[in-house]
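So this first bit is one chain, no partners, the form predicted on its own, shown in structure tokens.
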């Protein structure tokens, strides 16, 4: 999180940009790193994410006259929301527009507002920057007289991303950003929304996030294609093993008995989801008992599955994962998030972190000619008013 001095500078910037006026409220929503369980969320499976210390801040103040005025310091762009004509503009503010539009079904008389967004969370990096913006906007509506329950904030934010922005993500990102607790991971069953806060009992490892330098917007990748492939795999498998609501509901033995009756590509997609779901449950047990060795092994197997079966890694992600895994003191490493660029997450022995951070940038650049960025983080708290 940013310190009070940095937030104070942004408050002055807010008044310079929007003028002096009433009370300015400050909200924070973290990014998230998924330790294991990617592309299982929209298939009704388990995920095991943590909120990280980095995130997005919102300074917000009610205004008297439309339009709502927005500014993002992260991309240095202004935006407007006309309350009577909210439409998609294909820019960063669509996440805000979507939340504001759908929140009016809960709070009909939302006033216009001024808002400044800033933070230390890289955009388009696979760390849920979009969900962070959505959730911080949703809880920030409290300053406009619209106090949402966390469940409503999650639903509205996911709807904004699915129906307004057009990325058909699962619920993991918004749920984690809103509900995470400090020092814990969230074991979430995305099929029935049951969850447990899992103590992060790994004492001999530090969480390091490495960004490949390859930024992507999910709407411009094959993310939605993977969803459609999983839906088709579910349809075909259900015809063989009996009706299932979600792909993750298919057992391993059931899948193995039916896998050769469906096209090979769809079988590979299903294999990742079904086996990954099992890895997530085992990883949660590892966290609770402090078993870093097995957790690292599961993370490595997860990356291989995402690479070989789900086809969502890139040359850069694979290079960063392979280089990381070969370093002394690294227990395990995998891509995190939807893939197609973005980040890896590694568990590194505390005594080896400095060496890892010193060696990896040059090694990765030699392999890819991209500049990697690294964040040392720990399980943080979910969205809140500052």
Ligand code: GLA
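This one's a predicted model, so the numbers in the text were calculated from it and none came from an experiment. Numbering follows the first chain given and starts at 1.
Below, we turn to the form predicted in complex with the ligand, even though it does not appear here.
Trainee: Heavy atom within 4.5 Å of the ligand in the model of the complex: which of 198, 298, 171, 81 fits that? Just give me the one.
Mentor: The option sitting close enough to the partner is 171.
Trainee: Please pick, from 319, 338, 360, 68, the one residue with any non-hydrogen atom lying within 4.5 angstroms of the ligand in the model of the complex.
Mentor: Here the answer is residue option 338.
Trainee: Please identify, from 172-180, 105-113, 232-240, 142-150, the stretch that has a heavy atom within 4.5 Å of the ligand in the model of the complex.
Mentor: Selected range: 172-180.
Trainee: Using 4.5 Å between non-hydrogen atoms, is residue 223 touching the ligand in the model of the complex?
Mentor: It does: once the ligand is placed as it appears in the model of the complex, residue 223 has a heavy atom within 4.5 Å of it.
Trainee: According to a 4.5 angstroms non-hydrogen atom cut-off, is residue 331 in contact with the ligand in the model of the complex?
Mentor: So residue 331 does not count as contacting the ligand.
Trainee: How about residue 57 - does it come within 4.5 Å of the ligand in the model of the complex, if we only consider non-hydrogen atoms?
Mentor: Because no heavy atom of residue 57 falls inside 4.5 Å of the ligand in the model of the complex, the answer is no.
Trainee: Any of the heavy atoms of residue 37 lying within 4.5 Å of the ligand in the model of the complex?
Mentor: Contact with the ligand, yes.
Trainee: What are the residues of 41-73, in order along the chain, with a heavy atom within 4.5 Å of the ligand in the model of the complex?
Mentor: Sequence-ordered list: 41, 42.
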